[in-house]
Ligand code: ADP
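We begin with a single chain expressed as structure tokens, specifically the form predicted alone.
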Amino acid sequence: MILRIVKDEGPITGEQIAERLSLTRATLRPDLAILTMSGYLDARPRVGYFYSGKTGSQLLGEHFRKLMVRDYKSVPAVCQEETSVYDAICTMFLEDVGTLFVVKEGGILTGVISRKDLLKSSMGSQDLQNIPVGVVMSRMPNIVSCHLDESLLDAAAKLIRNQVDSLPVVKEREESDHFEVVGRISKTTITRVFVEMGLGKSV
């Protein structure tokens, strides 16, 4: 009812809204505060309340764009190029992840190996302990990644667009074109954030 009144008659003061609803200004104050903080209404001193014209989906999108990768990244699961496919499979199982990031000294990203890569390499009668992941991994620069200052929404779009389970979070090394792996964003990360938002938890 408040939204309808403001939409039809705005700008309108809190006192005028209270009068339309036969309520006191004090009774109405918490509702106006919630609607303003949620983004449905705009308020200007000495002028009154305006209807923002934004839908729930638009407001949710604005909120999601404010969530940053740096605040939600998890610890990356890594291995080296010399690691055997067998050991990589064990690491993936123990870490409960679908992707391993292949790094060299200093955590520099050199490749990515997925469950699909490991599955393909295990077909046939090959000795998995003698096949290094460097033979079957995807190599730089053909790797999709994200940065600490990207929004979680942008990272989610990359996951969907490139049909991958997770992204390495990287930062550029000074005076080089190398990227250091500092975290991981996965589909599970995105799902967890949406669930927490749906349950009304602080995200």
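The model shown is predicted, which means the values in this text are computed figures rather than measured ones. For every residue, the number given is its place in the sequence shown, counted from 1.
What comes next is about the form predicted in complex with the named molecule, which does not appear here.
Asker: Can you check 36-44, 159-167, 23-31, 64-72 and let me know which stretch has heavy atoms within 4.5 Å of the named molecule in the model of the complex?
Answerer: Contact-bearing stretch, as computed: 159-167.
Asker: Would residue 116 show up as a contact with the named molecule in the model of the complex if we use heavy atoms at 4.5 Å?
Answerer: Judged by the heavy-atom cut-off of 4.5 Å, residue 116 is in contact with the named molecule in the model of the complex.
Asker: Any of the heavy atoms of residue 143 lying within 4.5 Å of the named molecule in the model of the complex?
Answerer: Residue 143: yes, in contact with the named molecule in the model of the complex.
Asker: Give a yes/no on whether residue 112 approaches the named molecule to within 4.5 Å in the model of the complex, heavy atoms considered.
Answerer: Judged by the heavy-atom cut-off of 4.5 Å, residue 112 is in contact with the named molecule in the model of the complex.
Asker: Going through 2-21, which residues have a heavy atom within 4.5 Å of the named molecule in the model of the complex? Please give them in sequence order.
Answerer: Sequence-ordered list is empty.
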